[in-house]
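Encoded as structure tokens, the following chain is the form predicted alone, with no partner shown.
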């Protein structure tokens, strides 16, 4: 009898985590989900997953979840947790599982995010210094980022946000999960730095137009001036450096579209999913 792979998924109840959990289960893995105590989104996880209460901010809390694990689908919640404990977390991971798939960022891929920014590039740097077989999933924006428009769409149909002309190659969260699952369960992905994108270039205001077509109602875009947008983002809890980086990146994408790849198709054997496909599946969130 072949031993089942045991995989731990961190940040398991967000937009991406449940896809990773479900696909790992479907592939025959034994799956553990790291969740916070009293996590209100634990209901997003499918049946069959083993729940472990823990926190990347408390490295010792990971010990039970890592015991006997073969792989880790690693996502770090940068907006809610700094990276002070990252060296200890990576050390614990490297001492046990054979493989790690890290959800990273396009910003690292194109050289905009330095190691000393204490974000994705820093976690990559820590993993590169270990003997674990790592795979980096350097993603473009998620289709699910459009959920940030849902309140405005429900309340009146006018989306006010900066840089509507910013053209992205956003990717479906389920596709990111699929590439990560392959990296954790199959040979040949160790040491790879994958740029994981969607199949098309779509401006932010075009995403809103597509949502309008799916909802069968007119939706409109209004650009918000850069400084006003920054002030609102910081007031909403964004670290100032993150807000500046995001807005500067959006401004850059109004002049040149975001980079893209065919990694999803090359790794999974099927095309990456379009924004319209995602919008049709999530239409109720905007009604």
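Numbering follows the first chain given and starts at 1. Please read all numbers here as calculations on a predicted model, not as lab measurements.
What comes next is about the form predicted in complex with a small molecule, which is not displayed.
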Legend entry - Every residue of 201, 264 and 274 near the small molecule in the model of the complex, heavy atom within 4.5 Å: no
Legend entry - Region of this chain that lies against the small molecule in the model of the complex, out of 212 to 220, 178 to 186, 77 to 85, 156 to 164 [heavy atom, 4.5 Å]: 77 to 85
Legend entry - residue 205, heavy atom within 4.5 angstroms of the small molecule in the model of the complex: no
Legend entry - 4.5 angstroms heavy atom contact with the small molecule in the model of the complex for residue 33: no
Legend entry - Heavy atom of residue 41 within 4.5 Å of the small molecule in the model of the complex: yes
Inset, instruction - Verify the contact flag for residue 16: yes if a non-hydrogen atom of it lies within 4.5 Å of a non-hydrogen atom of the small molecule in the model of the complex, no if not. - result: yes
Legend entry - in the model of the complex, the residue from 46, 57, 239, 245 that sits within 4.5 Å of the small molecule by heavy atoms: 57
Inset, instruction - Heavy atom within 4.5 Å of the small molecule in the model of the complex: which of 142, 194, 122, 149 fits that? Just give me the one. - result: 142
